[in-house]
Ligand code: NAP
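A single chain, nothing else alongside it, follows as structure tokens in the form predicted on its own.
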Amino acid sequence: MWMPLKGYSSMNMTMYMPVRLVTGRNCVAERAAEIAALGPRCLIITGRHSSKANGSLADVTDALDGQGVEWGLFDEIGANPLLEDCERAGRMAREMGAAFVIGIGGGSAMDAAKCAAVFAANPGLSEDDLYAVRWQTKALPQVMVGTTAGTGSEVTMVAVITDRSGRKRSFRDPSVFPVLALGDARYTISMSERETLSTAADAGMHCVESYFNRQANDYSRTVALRGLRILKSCADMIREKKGTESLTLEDREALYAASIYGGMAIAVTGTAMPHAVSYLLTEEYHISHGTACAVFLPDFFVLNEAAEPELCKTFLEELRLSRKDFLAMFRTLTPEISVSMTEKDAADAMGRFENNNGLKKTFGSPDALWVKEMLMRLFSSESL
């Protein structure tokens, strides 16, 4: 029988997520009138290739054309979207008189659309003011069409954008909650195995980092557990099918559902230590985002076992998993990576972990020195 944790109230359910979420096959076409109600003109923001290959861009433009909505296209968003590209997209939206923007893609395209919506409404906004959320005008409304199963950006008020120095940085504001999020898992079928695994790991880490978070409450932990239960079934399927190529559309829909639950969880809490440290692997070693986060799960769990043993016990009981099986679930989703780091490399990175919000929200209070020691234990080139 479930018992309340000491010092923890099940009535703590604070949340705010003003996103109209619609999922299901052909949901873009079915909700065309809702998109059109946002205004007569919009800018579509997406990547160079995937939205064309998976059919999502065609579905969106067909829906807009059918409703008489004029649209422009900015299709130059890459992985880890650059601030300069978001500025250009924002300027394009402003110059064409867009009433709203549509982001099509994974987290990169959706985050870029959020950022462009800010720039479109705030001409001349500086980089510092963007990240400090010193905006004169709230962002243009946004519609998100997700095409990967992992980021959860469809339902969050956060965007992660690579600044001019090459560092991934985030900003958070209620005006970048999308007004409408459309999720059709058909668009994920064309994803490669590596991308499928990395985004699934990202979704799972959102759930875990939200559950073990100083900002967590009963709502965020409930949806985090729901996401992880679904993801456990997906990991079992991937293991049984010896990869992702044989996943059915129903399997893909389950993965997408898990990613939405992860997004709902971090919309309340934000992420914790693994995400904070993962940016180093992504920026300097070109490790895909979800994989870079999942690499740190074992150390994250050790932190929580020491600081919050009862919470860990309850977590595993709720999932009906042993510690071993829980960690094995993520190993299924995490390919082997090759990272070689010297002590100087780790020391040089310590500055990014000083006063880091992700570390502050982590139980056990890891600091920059703790992170350095973990990096050396995992990746030291001296031990090779």
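In case it trips you up, residue 1 is the first one in the sequence shown, and so on. Predicted model only: the values in this text are computed from it and were never measured.
The discussion below concerns the form predicted together with the named molecule, not included here.
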Contact at Leu197, Ile337 and Leu378 by the named molecule in the predicted complex, all three, heavy atom at most 4.5 Å: no
If contact means any heavy atom within 4.5 Å, which of 304-312, 227-235, 121-129, 106-114 contacts the named molecule in the predicted complex? 106-114
Does any heavy atom of Thr147 come within 4.5 Å of a heavy atom of the named molecule in the predicted complex? yes
Is there a non-hydrogen atom of Val160 within 4.5 angstroms of a non-hydrogen atom of the named molecule in the predicted complex? yes
Does the named molecule come within 4.5 Å of any heavy atom of Pro81 in the predicted complex? yes
Using the partner position in the predicted complex, report whether Gly358 sits within 4.5 Å of the named molecule, counting heavy atoms only. no
In the predicted complex, the residue from Tyr187, Phe300, Tyr211, Tyr256 with a non-hydrogen atom within 4.5 Å of the named molecule is Tyr187
Within 4.5 Å of the named molecule in the predicted complex, counting any non-hydrogen atom, which residues from 36-58 show up? Gly47, Arg48, His49, Ser50, Asn54
